[in-house]
Structure formats: structure tokens, C-alpha cells
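Below you will find one chain, with nothing else, as C-alpha cells; this is the form predicted on its own, and questions on how it binds or moves follow later.
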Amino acid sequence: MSVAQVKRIAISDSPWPWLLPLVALLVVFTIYPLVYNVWLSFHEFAPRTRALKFVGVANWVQLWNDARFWGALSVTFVYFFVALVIEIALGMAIALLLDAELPGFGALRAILSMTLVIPPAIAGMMFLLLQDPQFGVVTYVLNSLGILDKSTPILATSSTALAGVLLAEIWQWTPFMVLIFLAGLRSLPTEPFEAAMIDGASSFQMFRRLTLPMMSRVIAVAVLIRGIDLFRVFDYVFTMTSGGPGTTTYTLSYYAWQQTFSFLKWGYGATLSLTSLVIIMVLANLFLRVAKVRW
């Protein structure tokens, strides 16, 4: 390309010279993988011939009749709802506390944000050690309080394994909610609160009638972002339990990974991944309509 052509593009009023690189990136990193995944879901890898074989809708029929898929889906939904509710409640409570601007709270906000820079896989390994039945701090505290029996390893017991994984998730991502809610609280106008105080409203009444309604869109955006992320949970399960004991912590993402890379069922793994994507898109769109979130 000559210098004159570059100059003409630089001063052109058309947006396409500037949009084309972004469109190319979108095609390479988003559209192509999606189309390839759809194509792969109608094939299956044959290890003997090391080639892909067309199987039609067999993977989709298998998905419908796969009891382990439905089990993984139910575990994912439980994980999704429990983590989301606790993170919202804790995040809002801590944000209200930090909004008071008491001495030392600035440092506390900085400490809270440090959890967000830790990779989830590393956080999972940290909590694997913290919940070790022999020398884990969490296990020791629960044993001391009489909440957990000494003979019950948290991550190896079917009744407590999912809670153990959720503990790592909630520890790492509640500060994310705190930061979003705190930013929302700082942006609220002060006049309605001053008027409510003059009228003698209590703190709880101001929170219920003023703070929550005015924070509704901030909460909705936080729920949407975390909800999508929670439904894709993989790192904590992979590092802490590998889906066990049994299938107690089998999530949809972990099941898709196992089928693809452990059992080399590439087509069925692609089918599971696409199903997860469709569920997330449906839930996100339903939520946007119900919460009336506009971008």
C-alpha cells in the first residue's frame, strides 16, 4: 500500500477502515469458534482412525438421555443460586459498612480488592489446603466450634464438598460485589436521604425505600455479570474436587471438559458446551427483560 493510499484512508469519512480490524478479530475469536463448535457437535472423534466421523444428531440424542448431564445441570444451578444470593447479601452489607468512611476503611477496601487479582485456580488450591482434614485452618476452626466432626473431611464428603467449593468462590468474588455496590452507593443523590432523616425515617426504612430502589440497576448489572460467570464455574471444581466425591460437585463446564479432554469425545463435549451457552443466553435475556436493564 502506497503512502498516498494510507493518507486517503486516514482522512476518510468512512468508518470501515477503522472497523475492519475489530470485525476481523470478532470473526477469528468469536464467530469461527462458535460455528466450528456447532459443526463439531454433529461429529465424533474416532481415536482408531484419528479422524472426525459424522454422527448426525446422535450427540444431541445422547445429551437428552444422559443422566449425568442432568445431574451436572442441577449441581450447576444449585451452585449458581447459592453463590449468587450469598455474594449479593454479603456484598451489599459490606458495601454499606465501608460507605461510612470510618478510619482504616480505605485500607480495607484495598485489601478486599486484592482477592480479585488471584487466579481462580490458585484460589482453589489455597482453599484445598485450608480445608485439609489434617492441618487445614478452616477444618480446625469448624472442628473447634463443633460444626464439623473430625472424621469428616470437607471436600471428600458428599454432604459438605459443594459447600467447600462454594467457600472459595464466595471468598474470592464477594469483594467484586462490594466494589460495584460501593460505587453505586457513592453515586446516589444525598437530598432524598436528608429529607428522610428530617422526617424521622429509620436506617432500615431508608435502606428499603430509598437505597434499594435507587440501586436496583446497579444490582441488576452485578447479578448479570456474576450470574454468567457462576454458570461457567470450572477452576474451583477442577483444582479442589475433580467433580467428586462421586458426582457431588460435577458442574456442566467440568463435565464438558472431562468428555472432551479425558474421554476424547470431542463432539459430545462440543454439544455440552453449546448447551451451556444456550442456557446462559436464555437466562441472561430473561433476566434483562424482567429486571428491565438497558445498556
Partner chain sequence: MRDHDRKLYLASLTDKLVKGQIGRRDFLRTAAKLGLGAGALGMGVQRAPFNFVSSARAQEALQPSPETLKWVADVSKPFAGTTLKLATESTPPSNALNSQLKKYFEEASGIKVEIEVLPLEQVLQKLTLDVASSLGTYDLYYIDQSWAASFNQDVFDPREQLQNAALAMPNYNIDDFLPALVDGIAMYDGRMVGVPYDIPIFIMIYRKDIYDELGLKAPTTMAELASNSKAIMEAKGPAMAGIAGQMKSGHYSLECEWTSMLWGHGGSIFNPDKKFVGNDEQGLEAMAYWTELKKSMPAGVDGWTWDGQGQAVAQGVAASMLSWGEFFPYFDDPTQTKISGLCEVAVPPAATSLRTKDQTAFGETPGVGHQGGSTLAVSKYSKSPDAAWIFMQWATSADTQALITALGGGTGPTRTSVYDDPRVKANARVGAGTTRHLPIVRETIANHMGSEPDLPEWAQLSSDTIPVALGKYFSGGYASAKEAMDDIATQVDDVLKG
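Since we're looking at a predicted model, the values are computed, not measured. Positions refer to the first chain, counted from 1.
Although it is not shown, the form predicted together with its partner chain is what the next lines describe.
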Listed range touching its partner chain, judged in the predicted complex by heavy atoms within 4.5 Å, from 210 to 218, 187 to 195, 155 to 163, 83 to 91
155 to 163
Which residue, Trp64, Trp39, Phe263, Phe29, is the contact with its partner chain in the predicted complex, using a 4.5 Å heavy atom cutoff?
Phe263
Here the chain is shown alone; which of Phe231, Tyr250, Tyr268, Phe69 has a heavy atom within 4.5 Å of its partner chain in the predicted complex?
Tyr250
Give a yes/no on whether Asn59 approaches its partner chain to within 4.5 Å in the predicted complex, heavy atoms considered.
no
Please run the contact check for Pro245 against its partner chain in the predicted complex: heavy atoms, 4.5 angstroms, yes or no?
yes
Could you confirm whether Pro133 comes within 4.5 Å of its partner chain in the predicted complex, counting heavy atoms only?
yes
